[in-house]
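One chain is shown next in structure tokens, namely the form predicted on its own.
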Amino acid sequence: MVTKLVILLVVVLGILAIAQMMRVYELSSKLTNKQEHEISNRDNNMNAKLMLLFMIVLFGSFIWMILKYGWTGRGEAAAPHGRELDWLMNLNLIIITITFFLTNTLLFFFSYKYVKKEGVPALYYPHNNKLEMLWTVVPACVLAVIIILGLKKWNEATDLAKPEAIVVELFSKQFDWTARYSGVNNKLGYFDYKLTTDNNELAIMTTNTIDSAIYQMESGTTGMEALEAKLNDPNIVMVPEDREKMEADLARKERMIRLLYQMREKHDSELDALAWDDIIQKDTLYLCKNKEYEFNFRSKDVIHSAYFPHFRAQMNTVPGLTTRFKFTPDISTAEMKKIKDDENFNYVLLCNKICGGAHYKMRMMVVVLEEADYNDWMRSKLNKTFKDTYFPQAAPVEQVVEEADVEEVEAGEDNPENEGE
């Protein structure tokens, strides 16, 4: 805290010192009967030399930063398309760097070379068609090449994946990510936002989830029956604003329940199989090395942005819209740790949109495994599918009766009152 106060004090005193120096300069100019716009040859020459010195320092610091911190600091890409994008980025940087050195050299060197000299008038040079054509056509051609190559790479990244590509959905909300693997059939189950409930956060569509959503909408603690009971209870006194709000909520749920009943009538129960084997995964996204992935993205609330920095992939997640891209990780996490010589390294999925107050913690660890390890992990999840986790199959009636009889017998044996019988 003391250090910050000292720094603040130094900055304030520096500003005051500069202001006083400017004031002294103005007073000295008045004493010498020299107007502020009158610049001496000595001052002109000094400014010209400072321009040249500034150019040398600027270029020197630029080169030093590249040598010290690297060309871009991105590190090695962990996907083939990422390396192609790195090549395109390097091409852009080379063009920008050449332009940077060329334009700034002309700017500062001309300021030095053509400094005002006594008795030498400035040359009036208003127009040159060849120069106009040169600095219009050349940048246009360069930009055309960059844009065409960029669109080509973008189309490749967002093109349809191969049929054998592994399909994974990434569901975003404030402030975390949830992955949904497509399971054994490699097809994701359908979804509908109206099916969002406590035990179906991803709004996956099955016969069970539709019935569950209808039940919660009608009979849940905040369902229509509960709202109607509160509104019709003479013992509950509400201010007009609260009553209007509750009536609006009830009207919205009445509209929603009609849509849910229509959904149940139209739903094909055979499609349930697409969803039952889906695997819901939080905290860590596991990927298989050298396998192509088709990623689908959804958002529950606001616009997020799925950003895989090490795979050079990014896509916005938009409420009400499914977005997608594909990539193939080809460097495992273990291999990248050796490349970076960092045992603590991990791939990561970030949100690259400022999506709210806790945006900074919206991240998901990504682990790329060798194929054998990935298959072992996937086998361990086969009994933790969406159906197993959220809608486990009820035990047969006979089994429930037998278990109840056993519990009754055990309870009788443990009861001291039965010892004399």
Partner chain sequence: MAAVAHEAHGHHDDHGHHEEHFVSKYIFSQDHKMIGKQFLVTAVFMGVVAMLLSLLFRIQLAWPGESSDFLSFFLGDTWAPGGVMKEDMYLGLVTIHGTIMVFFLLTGGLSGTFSNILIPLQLGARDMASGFLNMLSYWFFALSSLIMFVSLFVETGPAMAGWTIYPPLSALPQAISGSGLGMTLWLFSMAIFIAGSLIGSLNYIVTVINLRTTGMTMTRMPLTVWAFFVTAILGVLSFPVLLSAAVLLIMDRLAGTSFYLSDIIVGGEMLTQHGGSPLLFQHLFWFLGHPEVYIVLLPSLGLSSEIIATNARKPIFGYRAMIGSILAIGFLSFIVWAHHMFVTGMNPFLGSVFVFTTLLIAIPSAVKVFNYITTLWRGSIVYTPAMLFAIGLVSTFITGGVTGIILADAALDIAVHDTYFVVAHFHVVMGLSAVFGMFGGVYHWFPKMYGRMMNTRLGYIHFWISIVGAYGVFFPMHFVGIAGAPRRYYDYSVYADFDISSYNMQMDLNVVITIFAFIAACGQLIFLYNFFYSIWRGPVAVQNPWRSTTLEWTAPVEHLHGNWPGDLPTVYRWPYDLSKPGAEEDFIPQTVPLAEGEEEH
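Source: prediction; values computed, not measured. Only the largest set of C-alpha atoms that superpose within 1.5 Å between the two forms is called the rigid core. Positions refer to the first chain, counted from 1.
Another form, the form predicted in complex with the partner chain, is not on view; read the next lines as being about it.
- In the model of the complex, none of the heavy atoms of residue 184 sits within 4.5 Å of a heavy atom of the partner chain.
- Using a 4.5 angstroms limit between non-hydrogen atoms, residue 230 is distant from the partner chain in the model of the complex.
- For residue 80, no non-hydrogen atom is located within 4.5 Å of the partner chain in the model of the complex, even though that partner is not displayed.
- Using a 4.5 angstroms limit between non-hydrogen atoms, residue 215 is distant from the partner chain in the model of the complex.
- Of the candidates 338, 282, 291, 255, 255 is the one whose heavy atoms come within 4.5 Å of the partner chain in the model of the complex; the others do not.
- Of the residues given (178, 323, 333, 208), 323 alone sits with a heavy atom within 4.5 Å of the partner chain in the model of the complex.
- Using a 4.5 angstroms heavy atom cutoff to the partner chain in the model of the complex, none of 224, 369 and 375 count as contacting.
- Residue heavy atoms within 4.5 Å of the partner chain in the model of the complex occur in exactly one stretch of 235-243, 261-269, 150-158, 282-290, and that stretch is 150-158.
- Shown without its partner, the chain has 174, 193, 194, 196 in segment 162-199 as residues with a non-hydrogen atom within 4.5 angstroms of the partner chain in the model of the complex.
- The two forms, fitted on the rigid core, differ between the shown form and the other one by 2 Å or more at the CA of residue 133.
- After superposition on the rigid core, the Cα atom of residue 73 is displaced by less than 2 Å between the shown form and the other one.
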